[in-house]
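Take a look at this single chain in structure tokens; it is the form predicted alone.
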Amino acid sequence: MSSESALRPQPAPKGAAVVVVGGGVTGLSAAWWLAQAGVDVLVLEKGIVGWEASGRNGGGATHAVSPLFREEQRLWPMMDELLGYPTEYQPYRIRVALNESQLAQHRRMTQLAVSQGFETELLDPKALRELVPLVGDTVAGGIFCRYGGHANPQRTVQAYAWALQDRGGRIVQHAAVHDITLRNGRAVSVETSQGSFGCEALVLAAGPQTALLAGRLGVEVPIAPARAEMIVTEPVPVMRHGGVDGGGLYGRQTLRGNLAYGGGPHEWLEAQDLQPRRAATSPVMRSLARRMRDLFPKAAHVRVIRSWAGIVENTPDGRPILDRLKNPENVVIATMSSVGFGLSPASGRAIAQLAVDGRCNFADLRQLDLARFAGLAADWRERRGWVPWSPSGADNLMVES
């Protein structure tokens, strides 16, 4: 979403039954599900909705390790109809293996989906090249996943926002939260740069800022922020299936034919260094371009025409935190650990249920609760090497796999 005019003007609210802090896909989806259920809901966003990583990611929707996976897969094919606006969702994913070791790794990774009843097909090099003509002649093969898919992040954010407004939900942009008022063990209002907004329940879905906001409630949420980057090429001939991963890269081919890919290395940040819209860096762009050349050698001549940078948050075990707190008992923590886009239809539904009912009725979220980090060492980031990059610390970079 490129401008504030993308949202329709609305009367200034004083509060809502549920206030959602964070206008990314997770917060917008949760708010939309709440509005669908007739709940009075308000989204507060410090900048412009979808302006961070939610609108600048690979667009993948394939997360078999999540307890929300089955719901993710059920909902995505329906989202255009449910929202009433296009997300450009396309089904299926193809995992490309450049060598036998990668092929074995892909087979292990897809086995979890197979164990849940989803289908895969092992592709020999010839069959892979027929489906993905941009790969090279020396590939080891691949796996065709008859599940998962991808969508356009910017279109999807827009769809959530418009659908939310259609159902009476409200959005206030440029409303940076600076405090949360508590009374009798409950959050009762959110103090922002645009005034105070009352609430009966509060959802903190503010990406990397979630930990800072939870800290104001005396709650520690262990996340490490990092800058993620994407590059986009000029269009190439459209492949039959645009969702292709491999070589540690994730992304998609757009409907116009552009290749949009990311995959690190990413720059670790401190909590106070979360400025929006950071420019992409040349070293990271060169790394992405080189690895895209390895993945798609028959597109090696194609120019990179733009790049994106956004900030993502990462929990110690790489899994989201979806939990309704016991104190304050009307607050839901929702931080997605870099997988928020694809899981957003399912996570939004789960968050809405946590906010209203205190539990999710379609998935077991116990493995995503905050209590699993009880006793976490204070220096957990340092132990993992998840500390800000410096010229002498080149290994302080994260590479997505």
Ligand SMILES: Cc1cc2nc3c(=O)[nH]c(=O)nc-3n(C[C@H](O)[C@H](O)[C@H](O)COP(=O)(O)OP(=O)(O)OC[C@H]3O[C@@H](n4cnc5c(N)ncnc54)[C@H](O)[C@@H]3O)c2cc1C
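Quick caveat, the model's predicted, so the values are computed rather than measured. Throughout, we count residues from 1 along the sequence that is shown.
The same protein also has a form predicted together with the ligand, omitted here; what follows describes it.
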Quick one: in the predicted complex, does every one of Gly22, Ala175 and Glu229 get a heavy atom within 4.5 Å of the ligand? yes
With a cut-off of 4.5 Å between heavy atoms, is Leu44 one of the residues that contacts the ligand in the predicted complex? yes
Is Leu274 near the ligand? Define near as a heavy atom within 4.5 Å, in the predicted complex. yes
Heavy atoms within 4.5 Å of the ligand in the predicted complex: does His63 have any? yes
Thr110: touches the ligand in the predicted complex, heavy atom cutoff 4.5 angstroms: no
Just to confirm, with a 4.5 Å cut-off on non-hydrogen atoms, which of Ala53, Leu68, Ala355, Ile333 contacts the ligand in the predicted complex? Ala53
If the cut-off is 4.5 angstroms on heavy atoms, which of these, Ala161, Ile321, Val203, Val312, is the one near the ligand in the predicted complex? Val312
Work out which of the listed stretches, 216-224, 304-312, 114-122, 135-143, brings a heavy atom within 4.5 angstroms of the ligand in the predicted complex. 304-312
Of 129-146, which residues get within 4.5 Å of the ligand in the predicted complex if you count heavy atoms? none
